[in-house]
Each structure stands twice: as C-alpha cells, then as structure tokens.
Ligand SMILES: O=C(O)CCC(=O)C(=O)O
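One chain comes next, on its own, written out as structure tokens in the form predicted on its own.
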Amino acid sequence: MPIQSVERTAAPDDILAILKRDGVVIIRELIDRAAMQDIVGKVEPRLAERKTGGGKFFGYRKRSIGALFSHGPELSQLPLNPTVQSLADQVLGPSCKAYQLHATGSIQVWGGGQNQPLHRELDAYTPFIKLNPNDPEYILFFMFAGSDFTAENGATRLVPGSHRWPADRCAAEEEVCQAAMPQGSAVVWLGKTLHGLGTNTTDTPRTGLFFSFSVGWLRQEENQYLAVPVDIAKELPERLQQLLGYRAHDTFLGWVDGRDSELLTRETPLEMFEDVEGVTY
C-alpha cells in the first residue's frame, strides 16, 4: 500500500480520513519553499556543529538537534499551521483536555549509513501503555521536508496500515514505503505507525524538521521547559507557549503556586486566581 499524498488545499476532514485509515499521509508543500528555506537556515548552523553518527538505532550517519522552537520565532509557523492544528485537534482532542508538544528537532541523513530499525512513537511508554489498535491515539507526529525527500536520499520509511497491527507483527520489506515529497511538504503519522529513517545513497544530506504532539496528561519525551526556557518562550506566540507546556492541563495538572503555569510567560493579575467554586489555592 503506497503512502497517499494530498495537496495542501485538501479539506482537513479528507486528510484525517486517510490518516485514520492508513496511519500516515503526506501533505504536499504545506509550507512554501521560500519559507522553508528560511527555516532551514535557522537550524543548519547548529546541525553543522554536530558530528555525523547516531549509532545503530539511527543508522550511523545522521546529525540531529533538539529544542526546535528555541531557534527562532519563524519556526512557530510549523506547529501553528491551521492544517496541523486541525489534525491535532481531531486526533488527540478526544483523549485529553489539551495536547502538548512532545518531541522536536531536526535530523539530517548523510550518505553511507543504513536504515533505522522500524519502531513506533508509542514504544517509549512500553510496558506502561501497551499497543492496542482499538485504543485512542496519544501521539501524532509531523516530519517536514527541509529539503526534497527522495527514495535515494533517505526519505522516511513507513508502513501504512501498521497502526492496526498487533505488537508482535513485523513488517515485510515489500510493506515498507518511503515518504518521497518535495521541500515544504509534511508526512504525518500516528503514534502506533511503524517508521524509521531511510538510507541516503547520495552525496547530499537530506534535512527534516520534526515535532510530535501528545495528550497533555502524558510525560513529554523531550523536556520542553528546559529545551525552551521561559526567557525564550516569552518571545514566542501565545499558542506556541501553550503547546510547549506553559499552561495547566485542565485544573490540576501543571499548575504553579496555585496558578496556571501560563503566568510564567504572560503577565496576568494575581487577583484573577482567587478562590473559585470552593477551591483554595
């Protein structure tokens, strides 16, 4: 089953239908090439400082950085894209009061490595959350093409339909597809979908920028409060501050000193947080 792709003008409900059916979908040129080139320009100097490696799990020939949204407010257009937000609302919204950024970064795949082992985003929570195709979705992943993704330069490998498999089923090579897509496109997959970096057989690295969302009651894979500390977060759009975790999840998860943690990034009169409905802070 190939990875289905849609244009960025596709209706969000149509994109969602493919994502739920296949566990993965490509949205072509979701971000303009010129805008993506500006974004890549923000992260490439940091990537250039890293050594190529990563060990067996990452195929030995990658460079990567985390803390994606500490590199400039220009990057906020990726998670705040209306299509991105619509998909996250519909996929994760039913399972939480608010979702959050989970892991972020940029990965370059260089020539001479090997395929990354196929895995699922949900694997980080084994055995505490067991893979069950009938359970709600807890994680949603976006990989943006910072450069063109091709089969030759290590485009992400994914297994459409694997979000409905039992945990012990392995993918045959003919079931694996690559997310070939032009710069500015995004491949989106569910936390239960098998995926991994591909092998780059060219002389030019391929660059991807990624972030995932998770339900707000789950421990974030990347500690966003250290990745994007308050002094940097204050300069970001309010919605991105919330996604980083600078807010409480409902009433009782994530508060600070009896107040919603949003007060760490925005000035709000303390009087707004006097006792409400019998709750004493």
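In this text, residue numbers run from 1 along the sequence as written. For clarity, every value in this text was computed on a predicted model and none was experimentally measured.
Missing here is the form predicted together with the named molecule; even so, the following discussion is about that form.
- Residue in contact with the named molecule in the predicted bound form (any heavy atom within 4.5 Å), chosen from Leu122, Cys96, Ala88, Ile107: Ile107.
- Contact with the named molecule in the predicted bound form, judged by any heavy atom within 4.5 Å, is made by just one of Leu78, Leu140, Leu101, Met143: Met143.
- Stretch-level contact check against the named molecule in the predicted bound form with heavy atoms at 4.5 Å: of 168-176, 69-77, 130-138, 113-121, the positive one is 113-121.
- Within 4.5 Å of any heavy atom of the named molecule in the predicted bound form lies no heavy atom of Asn153.
- For Trp255, no non-hydrogen atom is located within 4.5 Å of the named molecule in the predicted bound form, even though that partner is not displayed.
- Looking at His163, you'd find every heavy atom of it more than 4.5 angstroms from the named molecule in the predicted bound form.
- Taking non-hydrogen atoms only, Leu197 approaches the named molecule to within 4.5 angstroms in the predicted bound form.
- Contacts between 204-239 and the named molecule, taken as any heavy atom within 4.5 Å in the predicted bound form, involve only Arg206.
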